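Before any questions on how it binds or moves, here is one chain, the form predicted on its own, in structure tokens.
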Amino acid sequence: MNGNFTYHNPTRLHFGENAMESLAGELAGYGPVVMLCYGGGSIKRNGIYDQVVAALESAGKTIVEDGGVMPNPTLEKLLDGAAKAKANNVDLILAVGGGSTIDYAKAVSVSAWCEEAPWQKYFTRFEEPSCRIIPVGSVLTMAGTGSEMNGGSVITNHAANLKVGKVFGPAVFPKFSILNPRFTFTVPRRQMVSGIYDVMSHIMEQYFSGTDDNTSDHIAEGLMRSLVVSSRAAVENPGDYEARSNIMWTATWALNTLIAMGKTTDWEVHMLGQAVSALTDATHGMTLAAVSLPYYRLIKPHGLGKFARFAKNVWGIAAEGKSDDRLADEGLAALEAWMREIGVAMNISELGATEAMIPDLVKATFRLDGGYKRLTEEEVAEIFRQSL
């Protein structure tokens, strides 16, 4: 392990089919007013909403409803939610849903009492909050983002054609998260698959950086192998509890900051994918899938040893008699075959992007330094062309 680091994750997880039984105990630690955040209403149709409301009412909480959180939460929605939280002097924000809802709840938690414009403070200058932070708890209904155990929050500003992520410190992490794998069974197949690829992308973003032999990379390889096995079982039978529970657990550990320790980490695929989402409002995991292969094939020569290791240790490709370059190509071919097998988007055209959008996509893409190569603007444009 290279470098020095401090690891701290304050989120308490309750996992399993009986995880909701722990919600009452968690609610007891907070004041009487709870803002209930959720998405388009699916939790009302599948009964999860009723379970949560029953727990809140049993705990004597006053519920402030904040539904309608969209898959790519907007700045307008954030500002509305922050105003509502402040007006009601909310004691706890309870996010019920997937990563977008939890991301949104975190953004509201630091914006309600913020004395400046939240977009500029958090998503332009990337500062930490200096105001009162409203605690957040979550009930997870979709596995993918890992937002249930990290400080990440991604907000879309359509006026600026930007989708920007801010990673807050531990003070903004959810205080607790309820993870019942059966709650993810209600997610449509496309959303399940999108979440699966999001998990894989999170791991690869951290794995494809650095050259030392570190524990984090060995953990990452195990997580990726587990995800491949479980994803195949879940695609074959979405009701396979073991597969879905393994995916849910892998998603949490993929992005709770553990495997980033001792790493620089990349995140350029997310910058490319978020640019696509900013202009098309496409599903997050699908945008990552659509840009991944052109990006990794471009940077492969700059991290050749790791790409060869990826082929051997994740996909089980025999190395005997092969150059690292050939191994790396076979590893990326195995990744592509798996992506097609589970059914993710393979190009940005099917997500609504066009060649005419490329200049705006380039402008919307943050270019980072943590991976094997910092991209030029021309390379970003070429990746988007190859992704069409």
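Residues carry their position along the shown sequence, with the first being 1. On a predicted model such as this, the values are computed, not experimentally measured, just so you know.
Although not depicted, the form predicted together with 5,6-dihydroxy-NADP is the subject of the following passage.
Taken together, the three residues Gly41, Val69 and Ser153 all lie with some non-hydrogen atom within 4.5 angstroms of 5,6-dihydroxy-NADP in the predicted bound form. At a distance threshold of 4.5 angstroms between non-hydrogen atoms, His270 is in contact with 5,6-dihydroxy-NADP in the predicted bound form.
Taking the partner from the other structure, 5,6-dihydroxy-NADP in the predicted bound form has no heavy atom within 4.5 Å of any heavy atom of Asp266. For the chain shown alone, Thr62 is not a contact residue for 5,6-dihydroxy-NADP in the predicted bound form, no non-hydrogen atom being within 4.5 angstroms.
Remark: Asn46 counts among the residues lining 5,6-dihydroxy-NADP in the predicted bound form, judged by a heavy atom distance of 4.5 Å or less. Among the residues Ser226, Thr186, Asn214, Asn89, the one placing a heavy atom within 4.5 Å of 5,6-dihydroxy-NADP in the predicted bound form is Thr186. For the options Ser138, Thr145, Ser109, Ser292, the residue carrying a heavy atom within 4.5 angstroms of 5,6-dihydroxy-NADP in the predicted bound form is Thr145.
Contact with 5,6-dihydroxy-NADP in the predicted bound form, judged as any non-hydrogen atom within 4.5 angstroms, is confined among 232 to 240, 123 to 131, 302 to 310, 187 to 195 to 187 to 195. Contacts between stretch 66 to 102 and 5,6-dihydroxy-NADP, counted in the predicted bound form as any heavy atom lying within 4.5 Å, involve Val69, Pro71, Asn72, Pro73, Gly98, Gly99, Ser100, Thr101, listed in sequence order.
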